[in-house]
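This document opens with one chain alone, in structure tokens, the form predicted alone.
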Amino acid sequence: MAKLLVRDLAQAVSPAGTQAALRGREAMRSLDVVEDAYVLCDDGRIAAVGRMSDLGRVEGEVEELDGSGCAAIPGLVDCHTHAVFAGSRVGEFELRSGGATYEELHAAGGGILSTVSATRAAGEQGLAEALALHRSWMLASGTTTFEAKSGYGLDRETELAMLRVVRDAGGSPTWLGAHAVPPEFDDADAYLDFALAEVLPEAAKLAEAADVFLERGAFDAVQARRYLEACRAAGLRLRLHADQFTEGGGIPLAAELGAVSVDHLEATGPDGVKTLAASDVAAVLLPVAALFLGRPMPPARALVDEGAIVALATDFNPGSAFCESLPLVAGLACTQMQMAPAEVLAACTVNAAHVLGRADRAGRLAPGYDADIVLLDASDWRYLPYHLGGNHIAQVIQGGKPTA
């Protein structure tokens, strides 16, 4: 494999240091910025980052990529998506725009369950094709590392197929077995009996983590505990959807069980912020979902200032966040949640990689890390959040190879 030299960059920018996760204002705002830079990649890894004036002769076969006028940042890491699904909820989107609430649509048989029906019908090949399409959108937006959840099957065959599809696409699979109660079960407890006995043993062989939707109308804290404890015993890392609409005890439960993350947090108050800041549970914030549903934004500023681990993700899904763009998430984080650009960069690179257990190889431009690089069509890396909704990705490099 030839080496790749990305040369004559306006900037090469990365979260500073080697620590993961970064927490607190000072650490999250600390960057390594190299002007007039190069990045040398060798065998799929970053070999060196430095100034062009310090670049010596590179031995061996070398492919050169002209980065003139571009700023280079680490490949973006999307640590919370639902990117495996079939069908569309565009009709639901129209109803919601006319005033129907997410909870009303869910109670009427829409929402998650409508996607469950379409996803079950797609088959594993159909799901693989859907993920390939969605993955191409994500990659074009700068996402080189991604997580994707099951949870739109809610039966044995489809849940396992979803996890296989994510694994085979190079993603980080999460078993969201407790997403909703499918129509063939009378209640949440009966469904959990089935899921834990019939699906978990095989899901634990495919997934890296387990997730639960702890929310009114889905699963309560007692049910979430039962599910998560069983998943932990099966060797899965723990994650929670919590505090999206109500504070239902998700944050204390996550802290008690040693979960990797608790995600959403639109309804989180000061006590929840303090609990997260005192724990090693990451707060994964999903501003597109808040915007899409007209919810309050998560308390990002308080979480960062109190010292919590903060990551950002798209929540890409067909119902409440039909958006694959981490650059758009970055813009929303700055404009709607008062995060500084450097904090945002840390939150969707090294901290998101930490949530996925990949912080030793993804999320930084530094020797030894995966050669995943995004070149922005701008000479200043801050255009990542500044150019809101713009097409400002000039080139994506994954594993040391340009993707297009």
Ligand code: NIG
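All residue numbers are counted from 1 along the displayed sequence. All of these numbers come straight from a predicted model, not from anything done at the bench.
Another form exists, predicted in complex with the named molecule; not displayed. Remarks below refer to it.
*Asks:* In the model of the complex, do 172, 358 and 364 all reach within 4.5 Å of the named molecule through at least one heavy atom apiece?
*Replies:* The answer is no; none of 172, 358 and 364 reaches the named molecule.
*Asks:* Using a 4.5 Å heavy atom cut-off, state whether residue 268 contacts the named molecule in the model of the complex.
*Replies:* No, residue 268 stays farther than 4.5 Å from the named molecule in the model of the complex.
*Asks:* Decide whether residue 89 counts as a contact residue for the named molecule in the model of the complex under a heavy atom distance cut-off of 4.5 Å.
*Replies:* Residue 89: yes, in contact with the named molecule in the model of the complex.
*Asks:* Could you tell me if residue 284 has a non-hydrogen atom within 4.5 Å of the named molecule in the model of the complex?
*Replies:* No.
*Asks:* Using 4.5 Å between non-hydrogen atoms, is residue 213 touching the named molecule in the model of the complex?
*Replies:* Contact check for residue 213: yes, within 4.5 Å of the named molecule in the model of the complex.
*Asks:* Among 311-319, 296-304, 253-261, 121-129, which stretch has residues with heavy atoms no more than 4.5 Å from the named molecule in the model of the complex?
*Replies:* Among the candidates, contact is made by 311-319.
*Asks:* Considering 158, 325, 144, 244, which brings a non-hydrogen atom within 4.5 Å of the named molecule in the model of the complex?
*Replies:* Result of the distance check: 244.
*Asks:* Could you spot which one of 224, 112, 73, 276 gets a heavy atom to within 4.5 Å of the named molecule in the model of the complex?
*Replies:* Of 224, 112, 73, 276, the residue with a heavy atom within 4.5 Å of the named molecule in the model of the complex is 112.
*Asks:* Heavy atoms within 4.5 Å of the named molecule in the model of the complex is the criterion; list the residues of 159-187 that meet it.
*Replies:* Only a single residue, 179, comes within 4.5 Å of the partner.
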